[in-house]
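Below you'll find only one chain, the form predicted alone, shown as structure tokens.
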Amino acid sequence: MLEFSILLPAILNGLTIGAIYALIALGLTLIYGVLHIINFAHGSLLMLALYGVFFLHSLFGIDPYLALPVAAVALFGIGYGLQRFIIGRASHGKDENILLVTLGLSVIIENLALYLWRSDTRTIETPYSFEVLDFGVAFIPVPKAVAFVGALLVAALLWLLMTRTDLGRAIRALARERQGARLVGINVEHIFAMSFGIGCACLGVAACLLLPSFYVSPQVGHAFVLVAFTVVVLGGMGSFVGALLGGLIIGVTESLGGLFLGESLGQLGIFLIFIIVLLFRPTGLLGQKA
């Protein structure tokens, strides 16, 4: 039987991994959960954000955390433009067309990255990349601790945005009844683009928090996008708190799975938990019935 001194570090490490998953899923839950847009380009946009932060550091010496406002605004602009001028126009509002358009964007972005930057794996080194926090029973890398706190803050900010601002109320109204929202004067196309932009801005924040402890390559989005979709559905589509909770559960499950089954089989537990939760809560942990 494993001792508590071994289990506790695994759980703490899983929470930090889960926070990273939650960061990726927060933007996806806004786009996929609230606006019902299946964004298969989510992982590719994360990859773009990681490359942006990487080049800001390697070319101009800008620390990833200081690059956070730049990355968030840049990804917001990219997301807004994609939805307003490509996805919205090409899809004509049909779900099946949106799926194909975002899938096509993903393929184009990844192949462009392969052409421009090759398939090399790149990392950066900061003064705190290898620093750790001593909690007595476990050592947690500083970048992962920062990502954990960052995920909590981003989830809180998104919750405030959705519940305390006119923009949030417009987004929720649009998610419930598109035609009704249009009739009361809401600019549907603008709100859709704003929502997509905010979801992508979350990826910019996530990239800044990820890069001090992670790598970047043209295929790096694949490592996150499937888990992010799992987190969104597990937490309940459209629920930011659910996405955060789902990410932490997935992270701990993966960490404990790796401890008991080995690193290569650690992710088996993710899908086992996913199936068990949906058997008893088809709408996810904090999802609401339609």
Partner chain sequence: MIKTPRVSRRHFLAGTAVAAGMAGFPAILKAQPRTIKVGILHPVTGPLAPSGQQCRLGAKLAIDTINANGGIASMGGAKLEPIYADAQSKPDVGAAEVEKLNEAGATAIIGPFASGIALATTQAAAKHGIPHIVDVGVVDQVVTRGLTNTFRFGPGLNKIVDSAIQNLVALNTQAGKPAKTVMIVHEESAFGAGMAKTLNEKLPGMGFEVLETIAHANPTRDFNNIALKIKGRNPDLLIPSNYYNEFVLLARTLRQQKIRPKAIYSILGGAASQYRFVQEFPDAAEFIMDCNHWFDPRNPVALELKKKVEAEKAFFSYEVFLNYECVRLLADALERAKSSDRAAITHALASSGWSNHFMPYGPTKFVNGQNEGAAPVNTQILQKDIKVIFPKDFANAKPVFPAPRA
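Positions refer to the first chain, counted from 1. What you see is a predicted model, and the numbers here were worked out from it, not measured in a lab.
One more form of this protein exists, namely the form predicted together with the partner chain; it is left out here, but the text below deals with it.
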Identify which of Ala156, Val149, Val132, Leu99 has a heavy atom within 4.5 Å of the partner chain in the predicted bound form; exactly one of them does.
-> Val132
Among Arg118, Arg176, His190, Arg89, which has any heavy atom within 4.5 Å of the partner chain in the predicted bound form?
-> Arg118
Stretch from 192-200, 81-89, 158-166, 136-144 whose residues place a heavy atom within 4.5 Å of the partner chain in the predicted bound form | 136-144
Does Phe224 reach the partner chain in the predicted bound form, with heavy atoms at most 4.5 Å apart?
-> yes
Is there a non-hydrogen atom of Pro9 within 4.5 angstroms of a non-hydrogen atom of the partner chain in the predicted bound form?
-> yes
Wondering, does Ser106 line up within 4.5 Å of the partner chain in the predicted bound form on heavy atoms?
-> no
Do Leu114 and the partner chain come within 4.5 Å of each other in the predicted bound form, heavy atoms counted?
-> yes
Would Ile17, Ser255 and Leu259 all count as contacting the partner chain in the predicted bound form, using a 4.5 Å heavy atom cut-off?
-> yes
Near the partner chain in the predicted bound form, with a heavy atom at 4.5 Å or closer, the residues from 188-217 are Pro212, Ser213, Phe214, Tyr215
